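Below sits a lone chain in structure tokens, taken as the form predicted on its own.
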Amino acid sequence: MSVQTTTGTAAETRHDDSGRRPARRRGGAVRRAPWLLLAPFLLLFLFTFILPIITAIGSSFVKVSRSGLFGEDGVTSRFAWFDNYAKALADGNFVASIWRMFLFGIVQVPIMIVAATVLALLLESASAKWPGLFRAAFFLPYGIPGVIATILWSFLYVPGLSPIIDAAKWMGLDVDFLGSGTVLWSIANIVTWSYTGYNMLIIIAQLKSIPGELYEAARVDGASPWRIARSIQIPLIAPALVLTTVFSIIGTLQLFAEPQVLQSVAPAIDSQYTPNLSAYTTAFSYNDYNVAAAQAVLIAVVAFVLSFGFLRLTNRKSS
């Protein structure tokens, strides 16, 4: 009797162990599944985002010297500490381009965010007709590449082609959209036209998350549409406004396609008109890739400082 009991106990033990092993295997597979699904994205993110940043930072601290007229006697590299950064900051055109974009952002970004907010509020109002049609129409410019958009707008800027300039001359006005004092705002107009609809959709998405009960309670209390927008909608879409503003600040320092395309018709735009254009020129016209890498790092640092400062300012006001 005792032998049978022992045998039965051993069989039950083996049965329990065999049941636990598949459970452990299933648990391990469940834990590995998210990483296997994320692996393609993580690899792509590593090789297209992280490694280029690390490479740029590393190149910004390296100085390459070439011996001979065309470098035929050899190329040597050495650690240059902050020499490339000092050379980049000593370039008056590069520093001027940063200040130029700073002025650009102070004027253009608030105008674009205000325009996107007004459009979003109008399209989400109860009296709006065909909101889907107008949302698509306002968003359509964002789907046009920056190069194509600049070419389209250049037909309205170039004398002899622009009907606006012809109409202004007929009225006795002298309009020059590509002059040294106006070309920056001509670029701002293109950027505003292209990205207002994109920012509008982000704000509309935030508006749609507002509970309908708040609107009903406000209407019962006799609030006007203006009061609803000022007291309910605008405070509740503050996160979307902050997000779009930060994106716009970063995009301002990345401005490249518009001035490069207009450069062929606007003598006031030089090869270092914007920070990105300056880094591009340094790398591919002057063949100084290490200084260009330092310029790229400085652009990223300025974008981070401005974005972080704006976030701190908005958080302080909200608290």
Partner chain sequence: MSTKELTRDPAGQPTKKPVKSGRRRASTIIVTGVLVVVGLYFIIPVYWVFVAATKTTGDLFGTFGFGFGKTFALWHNLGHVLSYDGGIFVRWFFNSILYAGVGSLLATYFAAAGGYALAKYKFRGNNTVFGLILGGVLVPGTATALPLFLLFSQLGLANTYWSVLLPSLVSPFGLFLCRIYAAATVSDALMEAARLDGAGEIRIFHTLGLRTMTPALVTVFLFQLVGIWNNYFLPLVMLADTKYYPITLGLKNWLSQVNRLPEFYELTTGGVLLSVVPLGIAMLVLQRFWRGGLTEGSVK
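Numbering follows the first chain given and starts at 1. Please read all numbers here as calculations on a predicted model, not as lab measurements.
The same protein also exists as the form predicted in complex with its partner chain; that form is not shown, yet it is the one meant from here on.
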Just checking whether residue 138 would be counted as a contact of its partner chain in the predicted complex - the rule being heavy atoms within 4.5 angstroms. yes
Spell out, yes or no, whether the shortest heavy atom distance between residue 285 and its partner chain in the predicted complex is within 4.5 Å. no
Contact of residue 86 with its partner chain in the predicted complex (heavy atom, 4.5 Å): no
Examine residue 189 and determine whether its closest non-hydrogen atom to its partner chain in the predicted complex is within 4.5 angstroms. yes
Complete contact of 40, 156 and 208 with its partner chain in the predicted complex (any heavy atom, 4.5 Å): yes
For its partner chain in the predicted complex, the stretch among 100-108, 172-180, 245-253, 77-85 with residues bearing a heavy atom within 4.5 Å is 245-253
Just one of 238, 152, 90, 114 has a heavy atom within 4.5 angstroms of its partner chain in the predicted complex, so which one? 152
So which bits of 265-295 sit within 4.5 Å of its partner chain in the predicted complex, heavy atoms only? 276, 279, 280, 283, 284, 289, 292
